[in-house]
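Starting off, we have a lone chain in the form predicted alone, written out as structure tokens.
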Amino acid sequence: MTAGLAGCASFSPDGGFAPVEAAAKDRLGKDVRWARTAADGEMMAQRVAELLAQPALSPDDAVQLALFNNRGLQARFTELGITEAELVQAGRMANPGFTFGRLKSVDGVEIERGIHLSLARLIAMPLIYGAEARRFERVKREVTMDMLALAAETRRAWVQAVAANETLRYMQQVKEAADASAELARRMEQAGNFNKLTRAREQSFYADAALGLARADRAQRATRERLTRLLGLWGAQTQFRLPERLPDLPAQPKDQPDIERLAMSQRLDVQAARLAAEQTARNLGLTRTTRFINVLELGLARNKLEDGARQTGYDIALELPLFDWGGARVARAEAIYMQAVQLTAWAAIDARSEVREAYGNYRTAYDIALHQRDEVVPVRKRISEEQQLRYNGMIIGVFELLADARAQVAGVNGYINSLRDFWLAQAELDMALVGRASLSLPTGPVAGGMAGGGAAH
């Protein structure tokens, strides 16, 4: 069996990359490549250039680009090559050792030569190879999970960047309205038609609008840079273009009553933890088997005496278990096994909780965005139309009209933020179904408070 194992220990054609490619195709509908040759690198660079030449980078294009161009992911792929090399090494017999000795005495010179082979290594070779094979499978799952996590993070970063662009545009509109209102208030105060309290309120709104615009500008730059890092872009590539607005809300949310069962059957981290527990159990058996045979060597010896006579034979080297009976090593292996069992249970419990939370966030985000779109925005629009009629009839003044315009902008911006939170929640749910998701509370809008404050007077 050992001889057969040594004979078939060779590198696979795909380097263990096939499961990663299959996961990208089945779960994401994307292609992923491992740049192992110059031809691979050229093909990937050409594909990246084609994606960047798009009029606007869609979320699917961004994910595809990240899978081709993120250098951290490529570095992770090399872990497959390292682990496979260790697997092949474990399947090959250890090199024999050669000894040479020359002894001189009054009777003459004696030359001793020998060749030694580690029997302990030979006996344990199938077990060691099996352990390395299981580790290779675990690394494949971990790399696949990292690839899926990068796709999810890229999709989230794309949503945040596009939403930040929209928010910045609306904050610029709020700032323009605040500028006009503040200038009008200043002139009316100089003409004696404005009291100081009303003037101070307009000035306060102007200051808040300027502050909000600065924060929106910072958020826009930060979200775009985060997306740029995930896409692995630099130089002129950083001038990529994004769409003007987020995708519309779907007609219906996903209904997944059996989402926990689905997650337990798909979560790669749970599968990896289970595989790690199985691996440590087998490693525990290996430790128990080899506790007394750390050193077992068989050697051939051949001596040549000065008178020409030759001696041939063999020798065996065996470690005597007088002081170390291997109990400590077995205890360590047992502790590692129990640790793996607890980690597997922990991963399963966390997976169920995370997917429940992610699905709850998804449904809530959908309901909020739907309410914003169908209730808040239309009401704001009707109010604005009524205010315009009253202004035309000289029932209200220009400040009331400006305050209403700010409130309407805040309503639209609130819908943008709720739509952003929905798409973020969907990305988190998709990730929670296949691996550990980075669940986070959505950030609230900053425009509503300022516009509301301006509308108060």
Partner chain sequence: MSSRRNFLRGAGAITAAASAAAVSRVAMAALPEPVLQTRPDTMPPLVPSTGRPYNPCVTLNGWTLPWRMNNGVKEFHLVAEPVVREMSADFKAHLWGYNGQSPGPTIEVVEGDRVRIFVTNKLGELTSIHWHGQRLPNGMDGVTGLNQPGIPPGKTFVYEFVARRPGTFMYHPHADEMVQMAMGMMGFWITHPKAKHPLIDEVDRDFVFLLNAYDIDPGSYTPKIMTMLDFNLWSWNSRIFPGIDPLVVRKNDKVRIRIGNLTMTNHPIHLHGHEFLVTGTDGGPTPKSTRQYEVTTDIAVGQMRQIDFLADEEGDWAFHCHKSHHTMNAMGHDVPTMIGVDHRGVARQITKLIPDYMVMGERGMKDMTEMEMPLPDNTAAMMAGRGPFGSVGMGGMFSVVKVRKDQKPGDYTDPGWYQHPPGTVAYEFGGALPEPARFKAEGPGSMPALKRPTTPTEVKVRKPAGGHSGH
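Note that the coordinates shown come from a computational prediction; the quantities given were computed from them, not determined experimentally. Numbering follows the first chain given and starts at 1.
Not on display, but discussed next: the form predicted together with the partner chain.
> Please state whether all three residues Glu176, Ala180 and Ile396 have a non-hydrogen atom within 4.5 angstroms of the partner chain in the model of the complex.
Yes.
> Quick one: which of 27 to 35, 41 to 49, 63 to 71, 385 to 393 gets within 4.5 Å of the partner chain in the model of the complex, going by heavy atoms?
Of the options given, it is 385 to 393.
> Between the options Val409, Leu57, Ile416, Met431, which residue brings a heavy atom to within 4.5 Å of the partner chain in the model of the complex?
Comparing distances to the partner chain in the model of the complex, the residue within 4.5 Å is Val409.
> What is the one choice in Ile368, Ile123, Leu184, Ile128 with a heavy atom within 4.5 Å of the partner chain in the model of the complex?
Checked against the cut-off, the match is Leu184.
> Just to confirm, Met188 within 4.5 Å of the partner chain in the model of the complex by heavy atoms?
Within the cut-off, so yes.
> Residue-level contact is defined here as any heavy atom of the residue lying within 4.5 Å of the partner chain in the model of the complex; does Leu402 satisfy this criterion?
Judged by the heavy-atom cut-off of 4.5 Å, Leu402 is in contact with the partner chain in the model of the complex.
> Scan 229 to 251 and note down the residues that get a heavy atom within 4.5 Å of the partner chain in the model of the complex; none is a fine answer too.
Read in sequence order, no residue approaches the partner chain (within 4.5 Å, in the model of the complex).
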